[in-house]
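The chain below stands alone and is given in structure tokens; this is the form predicted on its own.
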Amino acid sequence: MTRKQKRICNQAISAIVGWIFSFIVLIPFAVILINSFKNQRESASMSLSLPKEGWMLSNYQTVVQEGNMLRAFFNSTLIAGMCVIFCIVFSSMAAFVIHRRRTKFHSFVFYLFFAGLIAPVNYITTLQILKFLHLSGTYAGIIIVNVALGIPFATFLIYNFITNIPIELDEASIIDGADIRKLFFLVIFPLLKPITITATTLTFISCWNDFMTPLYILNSSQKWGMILTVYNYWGFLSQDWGKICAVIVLTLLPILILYICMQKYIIAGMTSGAVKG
């Protein structure tokens, strides 16, 4: 077997294995999607068969109206969106400064960020600080906590990407008259597009799927996001799997759309070994 034939064979095997794993992942989602259109009796079996007594589009209408899903969607979008903005801006600036200034102090700061990846969250201390600042139970409080939780990972991710940007680019920009703000926002930050989109997607998903943080911090159900609202609404639907599946689909849909739209940039950010100007 020639080298070309081996390469083709390896590619075919990789493609087959990839499709097999894709089907394994998609089957549970297909079960949930199909059963979300079934009535209470048919959905109890949780099978892949199509609805026999008509497609129950009313399941979605019911859970949106009864479960306060529109308000929950707004809350999740607001909290996750603001968290992403602050995380990406602060993390990219921190990663740039830490990488370019190789001092003991900046190395120490980098290890502090790294410690934030593995250190457990102490919710009792967090709640006491938020109460002292009069931020407990507010949007600002939950956003600040999520930003604090998201910055270490985003900084670590962006820092590794910045190593591919040559320092000569900084020197050329400074010679051309750019100050530090113009250097970062007009020269460096645009080059970080693949990794910032990757960090944006991962941070958004983390905030959207967060259950524990809003459970401890938000004391009003009117400020709960999708995940906590779905959990609270779940008890009312314990016998109706059609509506439960509809709720799950509504929760997964924004994340799925975001990932599909950003997939090209996510792959580029995770696999790029060099920045192409």
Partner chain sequence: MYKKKIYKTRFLMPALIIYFIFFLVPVIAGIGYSFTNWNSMRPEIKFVGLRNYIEIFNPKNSYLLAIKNTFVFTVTSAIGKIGFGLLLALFFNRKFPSQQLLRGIYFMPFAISSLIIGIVFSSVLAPDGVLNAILSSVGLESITRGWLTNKSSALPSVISVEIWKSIGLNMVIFLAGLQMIDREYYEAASLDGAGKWALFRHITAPFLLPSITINLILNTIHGLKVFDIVMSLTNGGPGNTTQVINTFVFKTYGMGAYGLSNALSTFICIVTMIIALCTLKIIAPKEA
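Residue numbers count along the first chain shown, from 1. The model shown is predicted, which means the values in this text are computed figures rather than measured ones. Superpose the two forms; the largest set of C-alphas matching within 1.5 Å is the rigid core.
Another form, the form predicted together with its partner chain, is not on view; read the next lines as being about it.
Asks: Has each of 65, 187 and 192 got a heavy atom lying within 4.5 angstroms of its partner chain in the predicted bound form?
Replies: No, none of the three is in contact.
Asks: Taking any heavy atom pair closer than or equal to 4.5 Å as contact, tell me whether residue 174 reaches its partner chain in the predicted bound form.
Replies: It does: once its partner chain is placed as it appears in the predicted bound form, residue 174 has a heavy atom within 4.5 Å of it.
Asks: Would residue 128 show up as a contact with its partner chain in the predicted bound form if we use heavy atoms at 4.5 Å?
Replies: Residue 128: yes, in contact with its partner chain in the predicted bound form.
Asks: Is there any non-hydrogen atom of residue 109 lying within 4.5 Å of its partner chain in the predicted bound form?
Replies: Answer yes; at least one heavy atom of residue 109 falls within 4.5 Å of its partner chain in the predicted bound form.
Asks: Taking heavy atoms and a 4.5 Å cut-off, does residue 137 contact its partner chain in the predicted bound form?
Replies: Taking the distances in the predicted bound form, the answer for residue 137 is no, it never comes within 4.5 Å of its partner chain.
Asks: For 100 to 122: residues with a non-hydrogen atom within 4.5 angstroms of its partner chain in the predicted bound form?
Replies: 100, 101, 105, 106, 109, 112, 113, 114, 115, 116, 117, 118, 119, 120, 121, 122, in sequence order.
Asks: Please check if residue 44 moves between the shown form and the other one, taking a CA shift of 2 Å or more relative to the superposed core as movement.
Replies: Yes, the C-alpha moves 2 Å or more.
Asks: Spell out whether the Cα of residue 216 moves at least 2 Å between the shown form and the other one when the two forms are superposed on their rigid core.
Replies: No, its C-alpha moves less than 2 Å.
Asks: Compare the position of the CA of residue 26 between the shown form and the other one after a rigid core fit and state whether the shift reaches 2 Å.
Replies: It does, since the residue 26 C-alpha is displaced 2 Å or more between the shown form and the other one after the core fit.
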